[in-house]
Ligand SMILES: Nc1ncnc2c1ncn2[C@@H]1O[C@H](COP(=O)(O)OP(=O)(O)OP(=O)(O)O)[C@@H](O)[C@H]1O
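Okay, so here's just one chain, in structure tokens, the form predicted alone.
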């Protein structure tokens, strides 16, 4: 049975997709696990970051979620998943058409559990499933949170990033109170840390004091290489394997596996 992790924050630009893609690739590459990356963010950033031409998709996640029957869902899922080489992560991609269909998907019966139902079809085929969420608490994020076993919350080291933490806590309480689902936070992750800036240090200190043991010890630095990697369609482990970004994501990957 696959262990499912959602990567979630209500704020965009926090390194959510970078964390999803680099963790997925790293766990597959270095720990020889079968990993699926589910891109439920209509921006399709995670998919594109691994070299997938998202505007040429014949079948994608939206088609799977809109299936009328279990047999149709299984067939569409098989068509949508992009199988990679044995050492690479598989991807269930999306693009902006997922957002176009949001209203229709929101009206489907059992709409909060569409992704959970979908992933149950392939649960036994993977060791890990990582879900890159959109930066909001709409139907797609709710699906991701309900389908996951735990959640990673990336927070960028800025004042605005700090404000976003309240939105995340509000979202988790919303899911708990209205959908009777307890969100298990695997860890809060400091991203885009710049040791030269006082604001980075101050935000990190606050988060460490506030979240205590829930805070990952690993800190993801702000580097040009992490930002560049998606434009080459590869993870940081291919783009700059000996750099600070790759080192940090390997440390995060090992820390994550110890927490599970």
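Because the structure is predicted, anything quoted here is derived from the model rather than measured. Numbering follows the first chain given and starts at 1.
The next section is about a form of this same protein that is not shown, the form predicted together with this ligand.
Peer 1: For the chain seen here without its partner, which of 29 to 37, 43 to 51, 204 to 212, 62 to 70 has a heavy atom within 4.5 Å of this ligand in the model of the complex?
Peer 2: In short, 43 to 51.
Peer 1: Looking at this ligand in the model of the complex, is some heavy atom of each of 146, 151 and 153 within 4.5 Å of it?
Peer 2: Verified in the model of the complex; spot residues all out of contact, no.
Peer 1: Residue 218: heavy atom within 4.5 Å of this ligand in the model of the complex?
Peer 2: Looking in the model of the complex, residue contacts with this ligand do not include residue 218, since no heavy atom lies within 4.5 Å.
Peer 1: Although the partner isn't part of this model, could you tell me whether residue 200 comes within 4.5 Å of this ligand in the model of the complex, counting any heavy atom of the residue?
Peer 2: No - in the model of the complex, heavy atoms of residue 200 and this ligand never come within 4.5 Å of each other.
Peer 1: Residue 250 near this ligand in the model of the complex, any heavy atom under 4.5 Å?
Peer 2: No, residue 250 stays farther than 4.5 Å from this ligand in the model of the complex.
Peer 1: At 4.5 Å between heavy atoms, is residue 234 in contact with this ligand in the model of the complex?
Peer 2: Heavy-atom contact with this ligand at 4.5 Å: absent for residue 234.
Peer 1: Only counting heavy atoms and a 4.5 Å limit, does any residue of 191 to 215 reach this ligand in the model of the complex, and if so which ones?
Peer 2: The stretch 191 to 215, when checked against this ligand in the model of the complex, contributes only 192 at the 4.5 Å heavy-atom cut-off.
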